[in-house]
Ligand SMILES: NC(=O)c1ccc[n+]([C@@H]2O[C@H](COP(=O)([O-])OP(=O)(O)OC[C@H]3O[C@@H](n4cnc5c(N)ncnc54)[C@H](O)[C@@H]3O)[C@@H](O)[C@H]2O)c1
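Presented as structure tokens, the chain that follows is alone, the form predicted alone.
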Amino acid sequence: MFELKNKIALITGSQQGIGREIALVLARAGARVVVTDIDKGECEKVAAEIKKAKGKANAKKLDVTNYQEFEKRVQETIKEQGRLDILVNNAGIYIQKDLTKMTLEEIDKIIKVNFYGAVYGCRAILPHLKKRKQGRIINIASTAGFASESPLSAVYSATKGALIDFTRQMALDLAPYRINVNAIAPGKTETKMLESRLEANKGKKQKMLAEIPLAKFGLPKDTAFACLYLVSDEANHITGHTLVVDGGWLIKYFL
């Protein structure tokens, strides 16, 4: 089960955190993984880790806010590997700040990385997937796209909500081509992003944990295994869905 042998997967924002773990998990399942991020050197470290474990990977520099660069990376991969089966739009940033104190550059950056990055990725890969009439696209959203998660994060939350809606509509549009489009919404997960938030507020950790029914933060591998399922043949009949991986945090909003 969950066999990805001979599949080719491109993962954005995969030099660290959730993206890195997705790269490792998909590679262990047999996929050749294209590790991409803004820093190629860090991507090469992840690719080397995969190869050391007898997996297949290569690294490419990718700024997801640059459509021409995204399209180039997709075409390079197709030329080098013969095809591209899976796209995981994972790249994302978080800026927690009062809207009136955010610079316009910060606002633009959040929207471009978190939302445009996924739109650009889909636009770049879709001609190839449509021609083959198969493929998997996964968008990494957030529980913040469903409910107010943290104060001073309106723009971030808006991008994640947009990503969830984008996923649903793309799934509908691409169903005739047998292309499955799904999203994953992690809750609070042990990454550098969460660490920086906790550093800024020393007493916040226990409050956060108290709001999670399972009383623990998620791990990057929790999201990675959810991704593995959704890109596998075992999830052939699932599309347009957002799989929440949050330890039960969202339950209180649906009681």
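What you see is a predicted model, and the numbers here were worked out from it, not measured in a lab. Each residue number is its position in the shown sequence, starting from 1.
This next part talks about the form predicted together with this ligand, which is not shown.
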Fill in the blank from the handout: Here the chain appears without its partner; judged in the predicted bound form, the stretch of 119-127, 74-82, 173-181, 140-148 with heavy atoms within 4.5 Å of this ligand is 140-148
Practice task
Go through Cys227, Ala31, Ala47, Val64 and name the one with a heavy atom inside 4.5 Å of this ligand in the predicted bound form.
Solution key: Val64
Practice task
Select from the listed residues Leu152, Ile107, Ile93, Ile164 the one whose heavy atoms reach within 4.5 Å of this ligand in the predicted bound form.
Solution key: Ile93
Problem - Contact flag, Gly247 vs this ligand in the predicted bound form, heavy atom cut 4.5 Å - result: no
Handout entry: 4.5 Å heavy atom contact, Leu209 and this ligand in the predicted bound form
Key = no
Handout entry: Proximity of Asn58 to this ligand in the predicted bound form, heavy atoms at 4.5 Å
Key = no
Exercise for the section: Verify the contact flag for Ile38: yes if a non-hydrogen atom of it lies within 4.5 Å of a non-hydrogen atom of this ligand in the predicted bound form, no if not. Expected result: yes
Exercise for the section: Tell me whether Gly135, Val231 and Ile238, taken together, all sit within 4.5 Å of this ligand in the predicted bound form, counting heavy atoms only. Expected result: no
Exercise for the section: Any residue of 150-173 with a heavy atom within 4.5 Å of this ligand in the predicted bound form counts; write them all down in order. Expected result: Tyr156, Lys160
